[in-house]
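Below you'll find only one chain, the form predicted on its own, shown as structure tokens.
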Amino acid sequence: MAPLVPEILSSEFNLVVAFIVGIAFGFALEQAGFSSSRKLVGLFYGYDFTVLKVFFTAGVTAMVGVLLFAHLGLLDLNVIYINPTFLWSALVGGAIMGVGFILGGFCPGTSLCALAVGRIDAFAFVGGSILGILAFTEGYPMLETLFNSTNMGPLTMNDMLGISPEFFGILLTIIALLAFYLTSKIEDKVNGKTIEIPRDRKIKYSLTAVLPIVIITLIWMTPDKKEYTLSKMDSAQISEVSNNFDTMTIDKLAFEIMNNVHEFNIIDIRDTTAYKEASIPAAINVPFENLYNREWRSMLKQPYKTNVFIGDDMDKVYKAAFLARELGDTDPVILESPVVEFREVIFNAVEPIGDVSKTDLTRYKFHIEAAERLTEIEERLKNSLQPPKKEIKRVQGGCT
């Protein structure tokens, strides 16, 4: 159920959901007639191409859904598991499965579906499958070399062809439509009869056939959620948006770090090299280029701490706050001065001389105290500033 696990579903509840989805899948297979070996092997004899049509329809529907959800920012394609390709073992295994499909009339999934509705031939097929699994397990040492040969990693067809996912989606949809048309003609010829389709139904079929191509074309031609958000951030005029954010002075931030550091995430958006050279005590480093990454979303969205954005390039700092707000941070705050100025004011305070006001003298004493306290905090938190790194991994799974 990736990518819902573990963000939305726990690993344990994932099994319950998988069980329910499995039942629904089996019900759909049975309703489509896939518990009948006669219907399934009709694909090979040319009198019934329902299998091809159902699986092509399912593939195109899933493909359009994945592309659309990814385009809208609802699905992260980087966490979807893709089975690695072991070329030779896949070819040999596919040939064995194809022969078994023709001889037995079932594939592994449909045989269990037929077994569930009590078909006698399915019992024999499943029994043979179990014997095959046992034989493979016992013979694995002899087959291991072939099984693991030609590992090409997680490949996708569009990567292999060097084209965009959207272009491949349109090609696959057109291929599916051609396959539907040609296999219908073959069915008519083999069965010796022509199925007449009423005109109004032809119109509905045509519109349904065009819909995936229209959706994929729109996905291809329009910017996705990330591109739109980053473009919106880039085009934002700082002079126009700066009044929309709360700001914090150097003295205010120093005071809050000294007394209420647990209420703030101080986010240094500079590159890691600049951060390591010198930053503000208690600050964590999230380089500007990484701020959109998924692992930082929970920190930006959390309601318990105030996110304070700091940096040396104030244009970038405002853009970071703008992006954070787009990603769910309801009230980002900006340090109104660069990091280098903060450090200069606090850690290199210059004693006022001559006829100075009481305010200037008080401020100088505060800077001296702040430098001492912040140095202590900096030393204490030196090894524990960055939050635990949250790695985004592909969840293992899929039909292997």
Partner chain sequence: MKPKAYMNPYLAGLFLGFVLLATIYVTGRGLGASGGVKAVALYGVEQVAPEHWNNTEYYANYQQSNPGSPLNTWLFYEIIGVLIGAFFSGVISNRIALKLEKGPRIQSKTRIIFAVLGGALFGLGSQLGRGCTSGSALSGMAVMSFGGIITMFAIFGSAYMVAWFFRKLWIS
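Just so you know, these numbers come straight off a predicted model, no measurement behind them. Throughout, rigid core stands for the largest set of C-alpha atoms superposing within 1.5 Å between the two forms. Positions refer to the first chain, counted from 1.
Below, we refer to the form predicted together with its partner chain, which is not included among the displayed structures.
Residue 260 versus its partner chain, in the predicted complex: is there a non-hydrogen atom within 4.5 Å?
Output for residue 260 is no: heavy atoms all beyond 4.5 Å of its partner chain.
Find out whether any non-hydrogen atom of residue 373 is located within 4.5 angstroms of its partner chain in the predicted complex, and reply yes or no.
Residue-level check for residue 373: no, no contact with its partner chain.
With the partner left out of view, is residue 119 within 4.5 angstroms of its partner chain in the predicted complex by any non-hydrogen atom?
It does: once its partner chain is placed as it appears in the predicted complex, residue 119 has a heavy atom within 4.5 Å of it.
Close approach of residue 180 to its partner chain in the predicted complex, 4.5 Å, heavy atom
Yes.
In the predicted complex, does each residue in the set 269, 300 and 380 place a non-hydrogen atom within 4.5 angstroms of its partner chain?
Answer is no for this spot.
Can you work out which of 314, 284, 278, 91 has a heavy atom no more than 4.5 Å from its partner chain in the predicted complex?
Of the listed residues, the single hit is 91.
Ok, 231, 249, 78, 85: which has a heavy atom sitting within 4.5 Å of its partner chain in the predicted complex?
Of the candidates 231, 249, 78, 85, 85 is the one lying within 4.5 Å of its partner chain in the predicted complex.
Using a 4.5 Å heavy atom cut-off, which stretch among 261 to 269, 111 to 119, 284 to 292, 314 to 322 contacts its partner chain in the predicted complex?
The contacting stretch is 111 to 119.
Going by its partner chain in the predicted complex, which residues of 169 to 205 come within 4.5 Å of it through any heavy atom?
Counting only heavy atoms within 4.5 Å of its partner chain in the predicted complex, the contacting residues of 169 to 205 are 169, 172, 180, 205.
How about residue 150 - superposed on the rigid core, does its CA move between this form and the one not shown by 2 Å or more?
Yes, residue 150 moves 2 Å or more.
On a rigid core superposition, would residue 263 pass a 2 Å threshold for CA movement between this form and the one not shown?
The answer is no; the displacement is under 2 Å.
Rigid core aligned, does the Cα position of residue 136 differ by 2 Å or more between this form and the one not shown?
Shift of 2 Å or more: yes.
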